[in-house]
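For reference, the chain that follows is the form predicted on its own, supplied as C-alpha cells.
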Amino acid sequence: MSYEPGWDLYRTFEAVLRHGSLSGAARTLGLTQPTVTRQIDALESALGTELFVRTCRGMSPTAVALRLQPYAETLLQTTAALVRDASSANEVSGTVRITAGETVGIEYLPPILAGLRRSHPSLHLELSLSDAVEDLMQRKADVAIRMIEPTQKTLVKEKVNTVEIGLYAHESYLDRRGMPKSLKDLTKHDIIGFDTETPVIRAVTVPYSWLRRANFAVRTDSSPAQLAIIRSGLGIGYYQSRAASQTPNLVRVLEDQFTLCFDMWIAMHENLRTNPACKIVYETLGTALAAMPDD
C-alpha cells in the first residue's frame, strides 16, 4: 500500500457497498458520480486490489470488498459516536441515541422524551427500537433500556422497574370462543405468539408446554403487531400489562395462572458518564421509568 487512505475513501466504499451503485452512493453522500468513481479508484490503488467489478447492473463487490465491509462499517460507527460525544462535551446539547424494545419505546418513552426536549431544547434524540444488547458495546447507541440485565463490565446499569406480562384477548373473541378456565384450555384457542425463539424465550416458556411456536395461530416478533392482532379479536396473546390495561375492550385471561415478570434495566457505556447530554438522558429516563405506576 503506497499511502494511508483517507477516511472519506472508506466512507465512499461503504456507501457503494450499501447501494450497489455509484449513483446511489453519490446521492447519499452529496457528491457527484465522477467524484465517487475517483475515490473508489483511489482506494483500490492505495490498497492494491480490486474492490468492485463494474457490471450492467451496478457495482458488484469482490471477495476482498466483502471481507473489508465490517471494518468500514465499524469505522463509520466509531466516527458517529465520536461526533456525538464531542458535540455534547461541555453542555446539554448534541445528539443522544436511545435504544429500547418496541413496547417501551412506543408506550412509555414519548412523553419522557417530550419532557427532555422542553427542558433541553438543544438536545437532539434518536430512538432505535431494538432488543440487541450488543448495541451499547459497539457504540451503536448511547443509552439502552432492556428487559434483561446487561452483563458487560464496561456498562453503567441500574434496575428501574419491573414489567409484568399477561394474557389478553378482545372481548369480541371471548364472546365467540368463551373464556378459557385453565392453561390446558388454551390448546383449544387461537394463540398469538413469537416467531423467533431466542434463548431468553426458551428459558421463560419451559413451564408452559402450550407456549410453543408450533401451537401459535399467528406468529410475529413485533410487539405492536401482537397488540394490534389481539385488538382485532383474532385470538389470545401476551402483552405488557401496564400497556394492555390502557387499551379499551381488552380482557385479562387466566391472571391467576399466567403472569411473567421481567426486570427493566437502563444502561450506558461507562465512557459516557462524564458526557453531560448522555448523563441527563440516562438520569431522566431512569427516574421517569422508576416512577411508572404499578399495573
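On a predicted model such as this, the values are computed, not experimentally measured, just so you know. Numbering starts at 1 and runs along the sequence shown.
One more form of this protein exists, namely the form predicted in complex with the DNA; it is left out here, but the text below deals with it.
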**Request:** Classify Thr35 as contacting or not contacting the DNA in the predicted complex by the rule of any non-hydrogen atom within 4.5 angstroms, answering yes or no.
**Result:** yes
**Message:** So in the predicted complex, is the DNA close enough to Gln39 to count as touching (4.5 Å, heavy atoms)?
**Reply:** yes
**Request:** With heavy atoms only and a cut-off of 4.5 Å, decide whether Arg67 touches the DNA in the predicted complex.
**Result:** no
**Prompt:** Might Thr274 be said to contact the DNA in the predicted complex, defining contact as any heavy atom within 4.5 Å?
**Reply:** no
**Message:** Contact check in the predicted complex: Ser23, Leu31 and Arg57 versus the DNA, with a cutoff of 4.5 Å between any heavy atoms. Do all three pass?
**Reply:** yes
**Item:** Which of 240-248, 48-56, 222-230, 265-273 lines the interface with the DNA in the predicted complex (heavy atom within 4.5 Å)
**Value:** 48-56
